[in-house]
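The chain below stands alone and is given as structure tokens, in the form predicted alone.
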Amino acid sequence: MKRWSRWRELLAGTAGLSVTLGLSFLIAVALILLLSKQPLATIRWFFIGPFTNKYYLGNMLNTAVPLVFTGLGIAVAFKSSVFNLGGEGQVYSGALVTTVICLALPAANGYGGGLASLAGAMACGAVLAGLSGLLKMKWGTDELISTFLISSAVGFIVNYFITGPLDDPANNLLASYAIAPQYFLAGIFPPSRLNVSAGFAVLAAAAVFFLLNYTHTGYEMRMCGLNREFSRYGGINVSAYVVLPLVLSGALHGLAGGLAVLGTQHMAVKDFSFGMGWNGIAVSLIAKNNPLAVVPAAVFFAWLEAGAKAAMLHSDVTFEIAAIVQSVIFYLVTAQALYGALRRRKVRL
């Protein structure tokens, strides 16, 4: 009976999402018909453009990779009923730490140095998010506020290093010196920038799903997310599951920044992570905090972004019009997912 109830809830959620998607696409088409002088070309490039060649497709999938990690980070926190609004700073600082370690070891083995740099990125993100968990555990500080404020402060610190001590004067961008070539992740879909970090993203989703659903730690995290008082009376160390989910969430965000440097940027670029943390929240909401569903949700978001760029390049729509169409679809889908999450939480309460 319980299993049937789960399937019924899943089917109802899927049906609701399908209706929202259909409505979003109809509104998007209506906007294109209204605002474009070449509506058929614009519709084609917006919806099909990202799949027309290897370069567009590979870059679209590459855009989804950091969103998978940030979405997983948010899903871990949400499953435990804690909130991480500092993903932006954690991604950004993770990228900086990866760059610094690689620049400090220019002649090191690519595998060893690369792993060390990613470990540093994860540690940095974990510390930044874990600090908010400690503040909440010790003094009840709201992690919504503390994660956001710490992230905002960290952004200025990272900017100082990128545009100051690490700035490459020969680069036209506001960016650090480039890391050594042995640290570059192997490309898998040339001429696009897609690389093996896409495989890491899929493995990370599977690992987080296993952690949450098939381990004792994951069970306790989920129980604390459902009802902390009940979990406390059941003998679970509730305080630990204020800090641990944020530590894991921060580590995943830091890893997103580190892989972006090794796989795509090959340097720390000023403000490159803009939007990644916030978009990760939306991706997790669309996936309903299911780690396996985070992957298609991230690809969906990347498809919207790639479609907007393709329409802008190959038809008469401007950046603003393409962004409006993209936003309409994205926000309607996100709103439906958020409404479903709030309704399920109200039922549990």
Partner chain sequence: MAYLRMRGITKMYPENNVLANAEVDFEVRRNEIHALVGENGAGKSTLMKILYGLERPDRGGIELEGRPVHIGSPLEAGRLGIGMVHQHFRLIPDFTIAENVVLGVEPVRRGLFLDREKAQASVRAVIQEYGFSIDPSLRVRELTVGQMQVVEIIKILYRRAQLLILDEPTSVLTAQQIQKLFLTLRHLRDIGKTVIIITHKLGEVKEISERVTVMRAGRVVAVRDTAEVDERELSRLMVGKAASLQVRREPAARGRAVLELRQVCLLGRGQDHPLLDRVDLTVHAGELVGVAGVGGNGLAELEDVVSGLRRVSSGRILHDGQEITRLDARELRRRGLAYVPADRLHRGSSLTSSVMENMIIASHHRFLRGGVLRRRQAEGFASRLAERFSIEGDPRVPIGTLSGGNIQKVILARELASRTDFILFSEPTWGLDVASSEFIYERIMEIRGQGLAILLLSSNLDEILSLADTLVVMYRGRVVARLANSGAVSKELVGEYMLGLKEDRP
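Positions refer to the first chain, counted from 1. Values in this document were obtained by computation on a predicted structure and should not be read as measured data.
The same protein also has a form predicted in complex with its partner chain, omitted here; what follows describes it.
Participant: Counting any heavy atom within 4.5 Å as contact, can you tell me which stretch out of 194-202, 207-215, 68-76, 257-265 lines its partner chain in the predicted bound form?
Facilitator: That would be stretch 207-215.
Participant: Residue 182 near its partner chain in the predicted bound form, any heavy atom under 4.5 Å?
Facilitator: Output for residue 182 is no: heavy atoms all beyond 4.5 Å of its partner chain.
Participant: Just to confirm, residue 219 within 4.5 Å of its partner chain in the predicted bound form by heavy atoms?
Facilitator: Yes, residue 219 sits close enough to its partner chain in the predicted bound form that at least one of its heavy atoms falls within 4.5 Å.
Participant: With a 4.5 Å heavy atom cut-off, would you call residue 190 a contact of its partner chain in the predicted bound form?
Facilitator: Taking the distances in the predicted bound form, the answer for residue 190 is no, it never comes within 4.5 Å of its partner chain.
Participant: Consider residue 110 of the chain shown here, and say whether it contacts its partner chain in the predicted bound form, taking contact as heavy atoms within 4.5 Å.
Facilitator: No - in the predicted bound form, heavy atoms of residue 110 and its partner chain never come within 4.5 Å of each other.
Participant: Which one of 236, 116, 173, 123 is close to its partner chain in the predicted bound form, taking close to mean a heavy atom within 4.5 Å?
Facilitator: Contact residue from the list: 236.
Participant: For the stretch 219-234, return the residues whose heavy atoms include at least one within 4.5 Å of its partner chain in the predicted bound form, in the order they occur.
Facilitator: Contacts from 219-234: 219, 220, 222, 223, 226, 227, 229, 230, 231, 232, 233, 234.
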